[in-house]
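Presented as structure tokens, the chain that follows is alone, the form predicted alone.
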């Protein structure tokens, strides 16, 4: 069966153009820094973000980990959102591998960290305290509904970091979705940051890989750390070839995914038994909703019944779901999904 897969935008498979480019990629040994396709991808990523340098890494989780390790010493403290991917979904790597102490701050409904909370959480000079070193934000903020954080907000966080001699990292796994939703250049959303990680393997459709961007010194340190944690890939140009198409072509089409997410939300809003989060306010490619109390089916039962109707979905909590649109979900797939939910919950 040909499934409509809405579990995540990580399920995207490479396009035929990507497969051709991967098969024909010119390669070298990237640990020696002589893979021409990887080097081109890194140059283009740095240019696109207005940063000095970039590093190709196997995953977003590794990219965030390298940033934390490069910015912080063991025993330092990093501020993170309590709903952030770094804090909740990266296996505790910051503390287990880096000895970095997380300071979780409450994510607001709009995905931000309250500026007053950030200021109040900066540790004083005291022998009993950890040393505050880093502020991390996530854009788009996944668990808060895939909401984009504005350039104005990012600039405010950047000023706090600068005034207090702190580093500033953005987990920008879906930063291009944020740029598309806000109709701004990605540089505007990341200019104040010392480092940014973004994923090629989500809405940008590449099969593997993420990028870390920042200063030359920061990237040199991150490259060393990448080797340490086992991320030194050899003829990685085979993968980077797809990433080049992601940057050149896929960043400009994300608005289509957002439009389909809004269409999906509008349809699901009419399905009895579902309560949508901000159905009219879908900003990017994520649709979150809960089950009404009257629905007797469990989330796992709904997942199984939807699969039998050719739609793959995944639960996001007790009686809660998240659906994610992407390149391989078309208008017909959206309609089929709405009808399948209506039948399952009837």
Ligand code: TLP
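Residue numbers count along the first chain shown, from 1. All values derive from a computational prediction rather than experimental measurement.
Absent from the display: the form predicted in complex with the named molecule. The rest refers to it.
Residue among 135, 239, 199, 149 with a heavy atom within 4.5 Å of the named molecule in the model of the complex
The option sitting close enough to the partner is 199.
Residue among 173, 193, 105, 180 with a heavy atom within 4.5 Å of the named molecule in the model of the complex:
Exactly one listed residue reaches within 4.5 Å, namely 173.
Which of these stretches, 60 to 68, 47 to 55, 27 to 35, 294 to 302, has heavy atoms within 4.5 Å of the named molecule in the model of the complex?
The contacting stretch here is 60 to 68.
Exercise: residue 142 in contact with the named molecule in the model of the complex, heavy atom 4.5 Å:
Although the named molecule is absent here, residue 142 would touch it in the model of the complex, with heavy atoms inside 4.5 Å.
4.5 Å heavy atom contact, residue 257 and the named molecule in the model of the complex
No, residue 257 is distant from the partner.
Is there a heavy atom of residue 206 lying 4.5 Å or less from a heavy atom of the named molecule in the model of the complex?
Judged by the heavy-atom cut-off of 4.5 Å, residue 206 is well away from the named molecule in the model of the complex.
Is residue 85 part of the interface with the named molecule in the model of the complex - any heavy atom within 4.5 Å?
Residue 85: contacts the named molecule in the model of the complex.
Taking only heavy atoms into account, state which residues of 210 to 226 are within 4.5 Å of the named molecule in the model of the complex, ordered by sequence.
Result: 210 alone.
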